[in-house]
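The chain below stands alone, shown as structure tokens; this is the form predicted on its own.
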């Protein structure tokens, strides 16, 4: 039973990362946008839902937060998703006209700005302290069923992953996705076809950010307590690695890549303390992700489920 519980926890984390990877794939795989602000959208979704669904804390030494609404969990999840999408739209408004490294720098600085706001505005977020007692959806109802709560949450998370996968796959293969693909390969092509490139980029950024916000809400309501250290830039780079490993432009690949990343991180937690350098495992874990990433790029540059033609687009081989 302990093994089953462990697998459920890992599966839930993999589902949350899969949603993050789906959003990133919309930005990079479909539209070619260098987004380094994904951790910010993840954080906004988590904190929005947590603030809306927890009551105002009682006065006390550590109770600095003075805002709480005690709303239903469903309201928090929807609001967190929408607010993350709005933030993505706002950031994109100021940055999608930039190219390459400039876009990366603006989005990365925006993510750090969001994290610092969360860290410093203790009246709203509890600041550096942990925001605790985040309610779980339908916890009392599930308690009456002959299954554990982790089983229910696993099905909930992966059900949403399945819905998002189907929706994004449909968008990617439809008229909207074809315009994004044209923008990804060459903005001038889409402009020549009379498409408003900026508007399509804004929509792509907002939609991908909204999915990352949804992942944040699910994360907050599962872990019960959140703090700013959960939303460091390293999250963004892990999701980038997941999309590259799975294959940019492939939503199935994004999910596979996210599962690979989570498995690499979770399996290494069981390495015995007697193993040399086990006290440096947090760093070695990142190195392991890097080794797998390099190996995939070397032996299958398009990713595990990526398209070789997508990789060659814009090169002499793909012309």
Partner chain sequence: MVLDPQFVWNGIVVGSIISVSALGLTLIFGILNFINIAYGDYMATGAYLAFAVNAQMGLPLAVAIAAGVVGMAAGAVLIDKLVFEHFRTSSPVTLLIVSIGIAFFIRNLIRAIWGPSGNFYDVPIEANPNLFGVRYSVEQLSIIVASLLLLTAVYVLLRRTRIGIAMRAASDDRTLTRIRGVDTERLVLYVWIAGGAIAGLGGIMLGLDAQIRPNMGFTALIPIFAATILGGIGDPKGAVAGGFAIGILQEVSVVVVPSEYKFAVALAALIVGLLLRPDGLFGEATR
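Positions refer to the first chain, counted from 1. Quick caveat, the model's predicted, so the values are computed rather than measured.
Same protein, other form: the form predicted together with its partner chain, not shown, and the subject of what follows.
Listed stretches are 65-73, 251-259, 32-40, 48-56; the contact stretch with its partner chain in the predicted bound form is 32-40, by a heavy atom cutoff of 4.5 Å. Contact check for 94, 106 and 233: all three have a heavy atom within 4.5 Å of its partner chain in the predicted bound form.
Looking at residue 110, you'd find a heavy atom of it within 4.5 angstroms of its partner chain in the predicted bound form. In the predicted bound form, its partner chain sits beyond 4.5 Å of every heavy atom of residue 263.
In the predicted bound form, at least one heavy atom of residue 99 sits within 4.5 Å of a heavy atom of its partner chain. When its partner chain is considered in the predicted bound form, residue 147 lies well away from it, no heavy atom lying within 4.5 Å. 117 is the sole member of 151, 78, 138, 117 with a non-hydrogen atom lying within 4.5 angstroms of its partner chain in the predicted bound form.
The partner is not shown here, but in the predicted bound form the stretch 224-241 reaches within 4.5 angstroms of its partner chain through a heavy atom at 233, 234, 237, 238, 240.
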